[in-house]
Ligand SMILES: Nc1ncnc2c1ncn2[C@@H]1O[C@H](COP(=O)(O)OP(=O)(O)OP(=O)(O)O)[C@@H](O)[C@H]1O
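The chain below stands alone, shown as structure tokens; this is the form predicted on its own.
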């Protein structure tokens, strides 16, 4: 990381933090001229993952520092004060699109900063905020993450991928659908950071500490040994008002949808689903299909949804 990049991010953070997050400018992000940078520099920072593209219209293109950039600045601040090792703080906006669940946010932030691994399992039925938490942690940790879907891991796949990637964080969606072979390896990694495996033509012995954040629709289906490795947080369903707020926040800040269009999509989904993914899909289709048809297509097949 070049020092001039750090200085650019510090300048942007100062300008960004001086803006009211509830104002239009705050929600729609800043323009390159607001932070006195040329478009080429802004685009370079965006391509390197330090900026999120949060809003775009014919007259306005808005950006915001990404969680990756905020964590980098926090680490830099800790280094400046001669504190090494762990990042001292995480961005206040890390989970900004998730309504409620304040204690879960506090727990996950603490786990991100903990010197030693603490593992968290988010438990609850489909279409809650479980995947939103995983998405935010993935964005914040950047290349230090290995993302797995329990139903998609293959026999031995978990061992090989952790051994090759050496991630700091392992994020697992649908943990309750992971096969027994992979959960056995996961138990060992979570307990002592050690994974030993013999396979044809290859001996594997890996010692590597990871922090596991997982989501499950039915934590009670997991073995007692696996459940004991986690702090388990049970998430409640959103109210109607909370769901609408989450949908509009995700569409505007993550997908770059205009506030007016986000309002239309949220209203169209009202009472028909609690799955935020459906709103994201509708938002991505709306420019091609229009609001009504995009929502209808996004909702098709929702009987198998899971978040």
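On a predicted model such as this, the values are computed, not experimentally measured, just so you know. Residue numbers count along the first chain shown, from 1. The term rigid core refers to the most C-alpha atoms you can superpose between the two forms while keeping them within 1.5 Å.
Not pictured, yet referred to below: the form predicted in complex with this ligand.
Stretch-level contact analysis of 98-106, 221-229, 179-187, 112-120 against this ligand in the model of the complex, using heavy atoms and a 4.5 Å limit, identifies 98-106. In the model of the complex, this ligand lies farther than 4.5 Å from every heavy atom of residue 74. Within this chain, residue 44 is remote from the site of this ligand in the model of the complex, having no heavy atom within 4.5 Å. This ligand in the model of the complex comes within 4.5 Å of no heavy atom belonging to residue 214. This ligand is not shown here, and in the model of the complex it never comes within 4.5 Å of any heavy atom of residue 269. For the options 250, 69, 265, 28, the residue carrying a heavy atom within 4.5 angstroms of this ligand in the model of the complex is 250. Checking 54, 280, 244, 35 for any heavy atom within 4.5 Å of this ligand in the model of the complex turns up a single hit: 280. Once both forms are fitted on their rigid core, the CA atom of residue 231 lies less than 2 Å apart between this form and the one not shown.
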